[in-house]
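A single chain comes next, written as structure tokens; it is the form predicted alone.
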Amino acid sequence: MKLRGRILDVACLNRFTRVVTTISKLTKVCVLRLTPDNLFFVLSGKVANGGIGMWCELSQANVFDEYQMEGVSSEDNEICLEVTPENLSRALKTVQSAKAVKVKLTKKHCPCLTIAAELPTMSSTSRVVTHDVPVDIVPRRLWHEFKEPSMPDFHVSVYLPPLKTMKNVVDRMKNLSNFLVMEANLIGEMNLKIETDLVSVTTHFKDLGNPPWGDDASQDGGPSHSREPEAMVQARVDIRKLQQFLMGQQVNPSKAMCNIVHERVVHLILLHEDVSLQYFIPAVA
């Protein structure tokens, strides 16, 4: 296995750093899956068993100016690494002013992603800073766990309100309850609700719009087919998991969407240029 990448464009380095930093706020450990065309950050939590799931995809061409990789074999031309995103984020943050950044898969005391940055200097001599980020090689037999998750057969899909507004609402609600009900309908309305023995609070969002998923979309031809457009579909989730998603958000998406499978799962999607981030929060009873 080989991996060599070179980043010369400061904007690409900055965007990649923001993506990795966002991932680091969502999970302590994840799998970085490398293919000839794409990079994927994957957390394959079993949502049915109460675990969080995450899938982040970006094109290598929009990160690296030069990119070479050789997978485990010509048939399985991929590399899967278990990484601690916070360590990778910390290393990338320290090299934001670099003239060039090289990323290599190396073998030191353990497998590492080595980040070598050529920093600007006042003199003619170059100054290189190197970070070794330890990784674990994921064996081939486990790769099936890190494939793209299938789109849940959702009952409703709605665009999210501005994430900053949503975060402020959720931050306040967290002081009152550990759980939050997210509900939405087919006329672009979404409510965030908490209910306890002492208090009941609801925040209403209107005119959000519903994404056009096409003819085979679940909300048109699936479980919601017989549902009244105004009828709410809901899922009760751990408020900390939603807050974690909103707090760590540095992708600045051009589109943010929410799919809800009634009382089963909340599926959040952020899209920005070439980057897509999917986050699955299981419902709780």
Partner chain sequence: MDCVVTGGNVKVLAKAIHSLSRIGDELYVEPQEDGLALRSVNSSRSAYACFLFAPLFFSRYTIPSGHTFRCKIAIKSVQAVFRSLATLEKTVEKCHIELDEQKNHLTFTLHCKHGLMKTHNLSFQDSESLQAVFDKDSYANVFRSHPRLLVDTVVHFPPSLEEVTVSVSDERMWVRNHVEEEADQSKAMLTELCLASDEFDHFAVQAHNSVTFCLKELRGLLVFAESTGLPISMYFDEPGSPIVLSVTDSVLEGNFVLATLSDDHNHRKNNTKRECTLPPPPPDDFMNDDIDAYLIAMDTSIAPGPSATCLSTPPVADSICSKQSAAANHRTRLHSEEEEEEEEEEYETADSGRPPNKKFCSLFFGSVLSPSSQMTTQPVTSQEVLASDSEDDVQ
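Residue numbers count along the first chain shown, from 1. Every value quoted in this text rests on a predicted model; they were computed, and no experiment measured them.
Although it is not shown, the form predicted together with the partner chain is what the next lines describe.
Peer 1: Which among 181-189, 88-96, 148-156, 67-75 is in contact with the partner chain in the predicted complex, heavy atoms within 4.5 angstroms?
Peer 2: Answer to the contact question: 88-96.
Peer 1: Residue-level question: is Leu142 within 4.5 Å of the partner chain in the predicted complex, judged on heavy atoms?
Peer 2: Although the partner chain is absent here, Leu142 would stay clear of it in the predicted complex, with no heavy atoms inside 4.5 Å.
Peer 1: Classify Leu163 as contacting or not contacting the partner chain in the predicted complex by the rule of any non-hydrogen atom within 4.5 angstroms, answering yes or no.
Peer 2: So Leu163 does not count as contacting the partner chain.
Peer 1: Does the 4.5 Å heavy atom contact test between Thr106 and the partner chain in the predicted complex come out positive?
Peer 2: Judged by the heavy-atom cut-off of 4.5 Å, Thr106 is well away from the partner chain in the predicted complex.
Peer 1: Please run the contact check for Val133 against the partner chain in the predicted complex: heavy atoms, 4.5 angstroms, yes or no?
Peer 2: Looking in the predicted complex, residue contacts with the partner chain include Val133, since a heavy atom lies within 4.5 Å.
Peer 1: Counting only non-hydrogen atoms and a 4.5 Å cut-off, give the residues of 94-123 close to the partner chain in the predicted complex.
Peer 2: The stretch touches the partner through Thr94, His109, Cys110, Leu119, Thr121, Ser123.
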